[in-house]
Each structure stands twice: as structure tokens, then as C-alpha cells.
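Next up is one chain by itself, shown in C-alpha cells, the form predicted alone.
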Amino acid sequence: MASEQQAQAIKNAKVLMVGAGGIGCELLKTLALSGFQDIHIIDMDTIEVSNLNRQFLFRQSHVGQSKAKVAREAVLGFRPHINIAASHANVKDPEFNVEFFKQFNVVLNGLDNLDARRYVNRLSLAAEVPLVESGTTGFLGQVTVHVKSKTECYECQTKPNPKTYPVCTITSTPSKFVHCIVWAKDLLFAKLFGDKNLENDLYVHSNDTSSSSENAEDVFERREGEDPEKYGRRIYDHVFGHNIEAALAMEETWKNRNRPKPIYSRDVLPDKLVQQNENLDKNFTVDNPLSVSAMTSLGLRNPQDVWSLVENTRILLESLKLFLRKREKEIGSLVFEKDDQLAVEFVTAAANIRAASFGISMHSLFEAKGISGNIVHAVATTNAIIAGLIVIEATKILQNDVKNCRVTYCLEHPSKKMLLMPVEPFEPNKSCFVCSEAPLSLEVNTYHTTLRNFVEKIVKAKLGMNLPLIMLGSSLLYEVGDGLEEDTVANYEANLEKVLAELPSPVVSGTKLTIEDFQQELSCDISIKHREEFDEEKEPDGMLLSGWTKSSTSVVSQSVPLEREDNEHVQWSNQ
């Protein structure tokens, strides 16, 4: 039973809840049943069939609808007199700015990706609103409390980078199924459907020997009026046939390796792909593009079946055709998402065909989705426990009882006879560039690295800035945002293709760059140090960012997950 002080703090609180998935459903239910009266939910996702086994506010009839809006309606069904606002939107949208965050007493996170977590952390800091962060993976979970100047922020401890593989292994000599998944997701899918300006290591030129290398056709470019099936077969034959034959010509590579087998579409399917589903009318439209499915079109139902080579070929060609016919407007801007059914089908099929070529065991869509999204399948009980712990910590914050807040880890096996391990929150890390504004340093070859590489691999990927502004002294080198003049945008675009040392204000060893993101109200300084060479395997970015170190107190968490990724693989500290 809550004390009168607790009850009043809860009743008067205005809560922002980000994420209405596995943790979010349990959290919204627990908030409502605990007496919270004013809640705003933000979630950009729609409900999938796979959510129904653990996200208990949703039913079969809700599939394809907004998670945030359905969760709201479900809870209002048993708590009709409370105020719940629901936004089917991305928390990184401009409307959810610092001023928006300032209206809340506490922010509660139930997110499933690092990028969004960083963003919410930074806006909570800027708005000076306490944040309760959370995550689960299988039987493991954690709840952490972040209060500006009193505890560490979410980014005080550096997050482990996703596992990377040498480019040559992915492009030429895969030996594991995960290598095939990375190739299908990060190279083939990105080449066909992603940003055409990004670098890609796929060999793209036609095997037409009559063409010079300079004028050789890029086979990934679809010819005007080209039939989707013919285009699909051309891509198939290039990546699984011609490219494999070209690789086989390098005899040295295969002296101590199994030789791959070229696969051509004509050898797997007859020249004319039999259309299984005549209902695929070109004028057919769908409300939710993410629900388009090659499996459905071809009558394949069980995601746990391992498809044959023929079935994988059919899925690959069918999914490519569906992207071209039903989602053409998205091509050029697509990024692989594990919740995009058609994208997962395409990547699974492509990875399996490549695996067959290299003598690697094929996997089911269910397994491939887990590998491509690093998914450890969720346990509903863990989500419920974590949701309860979030509410407990939020209640302490609302009573200004931060000294009694705890970081709590949910363990799979007892430690010191405990499955729930509470520890005191860590102090702010003085070397954190986010909450302590500590300077960073970057080792980079300033004569080889372009500004575009720096922006994509460091500013966006490592620092998590979405709308960066880059300055050298008083000189503005790059800026993104609305309201810029066309000539200014053109100048910045031109700068992106220049190496750092050849920019209008040269970036060389000893210079200091200032990077700002006004949307996040974040600024940091990076000192540049020129370095000639990098180890391709250990330093695949060709750059080394340092100065952002873990807090000395983080050794307390040696045996618990440091990465908070709801439904995603947790990486462990090996200090």
C-alpha cells in the first residue's frame, strides 16, 4: 500500500513513456494500476503476429495497427478515467524536442535500439528530466536510473560495438552462416535498396568482356522498362554465378579452402518463373508496406522451415519483385530492419543461396532473423519484472528520493542467493563527452579520409548525432538542417567528397573540431591526430576515436550486461 506522500506524487506526475513493446506493454499496465494519471506514450512500430506471445495488450485483430494507440485503448478499457496520450511516431522527430521533454516529471524508456536510447538520454539531460532506462534479453534484464549531475548518464559507459568481420571474409571467403547474413544485409540489400551514395564492396560490373572497365555496365542499375523478373534473374546470376566464377579464378585463395560453386537461376528454376499467386495485381496497394510478404505470395507459411535452394530462389526473386512493385518509393532510402518482413525474407533467401554456394548449412527464416537482428527471444516474465522495477524507481524519483534509487539487474542464475541484484547508481563519468563535456581525440589519415567518411563513421555512428554542425574555429565545414540556402547545401555536399586535409579550412594533425547537434543540445570537441596506417581487421573504420572511457566504478558490473538492448543480443563486459 502506497503512503499518502507516494500516492500524491504518483497522482500529480506527468510521465513520458518511450516504447510500447515487450517492456512497454507491461509498463503501461503497471503504471495505470499503480495510480498514475497522466501518461504520454511514443512508439513508431506497428503490431506483428510475433508480438502476441508476450505483448499482452495486443490481440490478433490488432496486427498492423499502431502499438502506442492500441496499448492506450487497451489500458483505458480497465482504467477509463486516466489521461493517456499516444503518438505513433519516432521519438527522434523534431516535435519531440527539449521543450517537449521539459513538461514531464520523469522519462521511462522501453526501447529496442542504441540510437534511440542515446537520443532520449541527451534530451532528458538537456531538459533536466530524470530518466529510468531498461532492457531485457531472455531471462536477463536491468533497470538503471539517470539523474543529471547526480548519477551517470546512459552514455557514461561506452557501449560495446557490434561484432564486425573483415571485408575480405564477407565478400570473398565466408565460412559461417553469419558471414552470409552480413553479406546479404549490409552489401546486397544495401546495394539494391539503400542509399546509392554510400560505399559498397560488392563487385558491380557486368561480365561483358567487350566493355572496357571504365564503360562496363553496373548490373545493379535497372534498365528502363526492364521486367522485374528479368532484372531479378540478372542480379541473381551476377552475384551467385559470375562473381563466384571470378573468385574461383584466384587459385591462391582456394589452396586451403573449399571451393565455392557458382549458382545460376536457370539451373535452379526454369527460364520463366511460375507465378504462384495470380492475385498480385499491379494496382494492388497495402496500408502497411511492412506487411508485404513473399512467403504469403508463394504459399510458404512456417518461418521455422528451412527452405530448399529452389524455395530460396523463388523467395529472393519474389521479394525483389514486391519491393519494385509495392514499395518502389522507398528504394534508395531503405535500411534493413528486423521488423520489416519483406526485408528479412530477402536477406534470408540471399544468405541461404550464398551459403549453398560455399557449402555452409542453410537456416530457417526464424533463425536468420535472429542472427540478422542479434535477437535473443524475449521472456514475458522478465519484461513484467523489469516493468515493476521501473515503476518502483520512478516513484522514488517523484518523491525526490534519489539517494535510495538503485540500479537493479535481473539474473538468470542466483548470485549471492539473489536473482535481483540492486546496486547504487554510479557517479557521472568525468570523461563522458555527453554529460561531462570531456574532449575527444581522433587518429585519422587526414590525406585519405573524406569528410563524408568522418561524418558517417564517427559523427553519426559513434557520436550518435543526427543533424550535425562541424566547425574548425570560426569556419563552418558542414551543416545539416532546414532553411539552408541551395548554394550553401551544394558547398557542404562538395565538402563531403574532399579529404580532410583539402577542405577549405584544412583539417590536419593538431587541429580541433567542434561538433554540435542543436536538436539534442549537444556539443563536443575532437582533437585531430594524423596517422598513416590502420589495421583493417582491428580498426575497420580506418579511424580511432579515444578519450571516451568507462567510469572506474563500472567494474562493479563485471558479471552483468552493459548493453541495454530490449530483445537484442546483450554483450558482456570482459574487464
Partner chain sequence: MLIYLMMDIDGENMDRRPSRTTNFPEVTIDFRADLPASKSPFPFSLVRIKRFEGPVHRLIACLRLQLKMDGEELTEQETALYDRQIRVWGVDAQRRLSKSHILVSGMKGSVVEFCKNIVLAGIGSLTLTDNRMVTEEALLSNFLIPPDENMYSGRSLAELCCDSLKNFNPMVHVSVEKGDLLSFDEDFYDKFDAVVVSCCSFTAKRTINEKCRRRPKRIAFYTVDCRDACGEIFVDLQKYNYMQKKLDDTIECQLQYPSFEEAVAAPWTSLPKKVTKLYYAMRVIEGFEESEGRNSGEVSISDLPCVLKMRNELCKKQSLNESHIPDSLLERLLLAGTSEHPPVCAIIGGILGQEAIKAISGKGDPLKNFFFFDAEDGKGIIEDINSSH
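Note that the coordinates shown come from a computational prediction; the quantities given were computed from them, not determined experimentally. Numbering follows the first chain given and starts at 1. We call the rigid core the largest set of C-alpha positions that still match within 1.5 Å between the two forms.
The same protein also has a form predicted in complex with the partner chain, omitted here; what follows describes it.
Stretch-level contact analysis of 488-496, 317-325, 89-97, 74-82 against the partner chain in the predicted complex, using heavy atoms and a 4.5 Å limit, identifies 74-82. Checking 413, 403, 255, 329 for any heavy atom within 4.5 Å of the partner chain in the predicted complex turns up a single hit: 413. The contact residue chosen from 501, 360, 391, 219 relative to the partner chain in the predicted complex is 391, the criterion being a non-hydrogen atom within 4.5 angstroms.
No member of the trio 158, 439 and 524 reaches the partner chain in the predicted complex with any non-hydrogen atom inside 4.5 Å. Among residues of the shown chain, residue 173 is not one whose heavy atoms approach the partner chain to within 4.5 Å in the predicted complex. Of the heavy atoms in residue 299, some are within 4.5 Å of the partner chain in the predicted complex.
Though the partner is left out of this view, residue 474 does not reach within 4.5 Å of the partner chain in the predicted complex, counting heavy atoms only. Contact check for residue 187: no non-hydrogen atom falls within 4.5 Å of the partner chain in the predicted complex. Residues 49, 50, 52, 53, 54, 56 are the ones in 40-58 with at least one heavy atom within 4.5 Å of the partner chain in the predicted complex, listed in sequence order. When two forms of a protein are overlaid on their rigid core, residues whose CA moves 2 Å or more are considered shifted, and residue 307 is one of them between the shown form and the other one. Fitting the two forms on the rigid core leaves the C-alpha of residue 338 displaced by at least 2 angstroms between the shown form and the other one. Core-superposed comparison between the shown form and the other one: the C-alpha position of residue 140 differs by less than 2 Å.
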